[in-house]
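Heads up, the chain below is alone and in the form predicted alone; it's given as structure tokens.
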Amino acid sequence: MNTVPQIIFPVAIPLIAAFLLPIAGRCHAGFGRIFGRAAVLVTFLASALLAWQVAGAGPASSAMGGFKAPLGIVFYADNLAMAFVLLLNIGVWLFWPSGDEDRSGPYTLLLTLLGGGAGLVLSGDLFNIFVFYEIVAVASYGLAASGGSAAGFGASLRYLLLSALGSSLALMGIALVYAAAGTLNLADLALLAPDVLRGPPGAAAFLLLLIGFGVKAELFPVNSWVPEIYASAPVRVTSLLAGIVSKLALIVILRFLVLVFPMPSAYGLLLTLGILGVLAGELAAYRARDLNSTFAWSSIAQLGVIAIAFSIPGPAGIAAGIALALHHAVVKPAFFFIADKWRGDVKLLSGGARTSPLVAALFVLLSLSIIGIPPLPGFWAKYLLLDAAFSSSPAYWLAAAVVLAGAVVEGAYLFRAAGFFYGGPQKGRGAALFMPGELVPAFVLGAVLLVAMFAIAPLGAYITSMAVQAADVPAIAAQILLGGN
């Protein structure tokens, strides 16, 4: 156990930079973009150093202002939290706007999202998790509308209204927890939960928190915003929201489940929403006839699969969920970059492989992995899920059957699109739409997928150790309480 004051750096650096960036942008045209990039780089280096310390010395915590836990604000970092903080940093860097945009607004929002997202997974108490959740939400609204289109403004407004409803429900859940336990510190709640959060009050609080945070996690039934936003937002924003931000919300839900609500009704509720998300997402994706809508609904289904994994009690379910989340964070943004170069009926893909064979090959690679064809990483992630499910109760056998059926449906619509790529006459728009140079982030992610395929053994061992650490409730509680002492 150790205390690390630097744990605040991944949160504080981007938030301070977001405040200063508009001032820097006024000094010289285009300077805001350079300042923002530099802030992301410094944040990444600080996060990488913290992740290295945590990997070597174990989980760390620190109390802000020196106030002892559980009354003070405590930040807690373990390997799971730091993996997703680093993933967020890499995502913001990779999906940073690449044009000649000199407005400071999008860069300020990206830095705000970076700081808020780090705070979301590092916070050690419910209230500050909610605060950072709202910071992430506000940044998401602005980024979703940053394309400047009327469709984007309308979709962002509807997203804001649904998210505001979710935030209200989450706040009600937090109020119920505080009324029952008299504390919002996660370590305190982990010690008190078996006595004060059992039964209907605890189940009601978890339901409210699950629905509230489920808006960002794309959980059924509060995911109706996804197709609209992912179709109208700039592709780099869509990739960030779908690939990474949604996972941050799921990590928070996992923390709630493990530390605060370790009861069968809570696990069953998450399992139910996950199954419904898979069914609704895959069937809607199959009916869709354009790539953006297809991948948006597919994202909902994949988040449902991750929810099913996290609903399996114990380290095996957590390991499966982490593997699926990391795989989705690589594959889904690459899909959206491909979709952004084409808009319209999927039949217009016809013959695209003739002019852009690399793009077609990348599409097939991503499709095979997300379906779960060996030896690609997607196969091993789903194998972990199925192994954990079949080792659990019969309810999870049903969930495993739903996941397998969803993979069949997924294969049907992805192979349908691949068939248009490689078959049929060349459409006139194909040569202009699929230029490999415009898809550098997608090819980078494809390369990451191939590297991961050859490093499955060490990656699997690291993910397993991460899951064991995340499931160790007494150690987590002790480390959080240590942060203020």
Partner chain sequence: MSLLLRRRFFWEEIDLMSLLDILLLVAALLASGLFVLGRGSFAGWLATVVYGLMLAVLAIAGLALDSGVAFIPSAMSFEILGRNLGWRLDGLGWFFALLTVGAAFFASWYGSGEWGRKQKRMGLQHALLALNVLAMLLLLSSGDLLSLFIGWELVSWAAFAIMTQGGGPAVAAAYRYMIYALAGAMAVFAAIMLVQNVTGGLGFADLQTAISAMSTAQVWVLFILFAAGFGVKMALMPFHLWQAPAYSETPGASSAFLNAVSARMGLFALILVLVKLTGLEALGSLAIPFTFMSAKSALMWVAAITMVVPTFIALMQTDARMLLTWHGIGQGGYMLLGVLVGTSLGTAGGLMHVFNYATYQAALFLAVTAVIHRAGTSDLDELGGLITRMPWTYVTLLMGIIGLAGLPPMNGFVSKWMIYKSLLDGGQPLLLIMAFAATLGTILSVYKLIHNIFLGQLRREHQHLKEAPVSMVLPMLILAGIGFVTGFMPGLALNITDIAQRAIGGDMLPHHLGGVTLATGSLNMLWVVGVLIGAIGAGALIFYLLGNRRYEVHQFDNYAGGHFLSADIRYHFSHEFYPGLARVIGPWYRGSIVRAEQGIGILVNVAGDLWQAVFRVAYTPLYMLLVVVLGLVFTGSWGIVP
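Quick caveat, the model's predicted, so the values are computed rather than measured. Residue numbers count along the first chain shown, from 1.
Keep in mind that the form predicted together with the partner chain is missing from the display, and what follows is about it.
When contacts are defined as a non-hydrogen atom within 4.5 Å, all of Leu283, Trp297 and Phe415 contact the partner chain in the predicted complex. A single residue from the set Leu87, Ile251, Leu207, Ala190 has any heavy atom within 4.5 angstroms of the partner chain in the predicted complex; that residue is Leu207.
Taking a 4.5 Å heavy atom cutoff to the partner chain in the predicted complex, the contact residue among Leu291, Val305, Ala77, Leu384 is Leu384. None of the heavy atoms of Gly243 is located within 4.5 Å of the partner chain in the predicted complex. The shortest heavy atom separation between Gly419 and the partner chain in the predicted complex is within 4.5 Å. Using a 4.5 angstroms threshold between heavy atoms, Gly314 stays clear of the partner chain in the predicted complex.
Under a 4.5 angstroms non-hydrogen atom cutoff, the partner chain in the predicted complex has Thr272 among its neighbouring residues. Contact annotation: the partner chain lies within 4.5 Å of heavy atoms from the stretch 164 to 172 in the predicted complex, the single such stretch among 164 to 172, 79 to 87, 253 to 261, 325 to 333.
In sequence order, Pro375, Phe379, Trp380, Lys382, Tyr383, Leu384, Leu386, Asp387, Phe390, Ser391, Ser393, Ala395 are the residues of 375 to 395 having a heavy atom within 4.5 Å of the partner chain in the predicted complex; the partner itself is omitted from this view.
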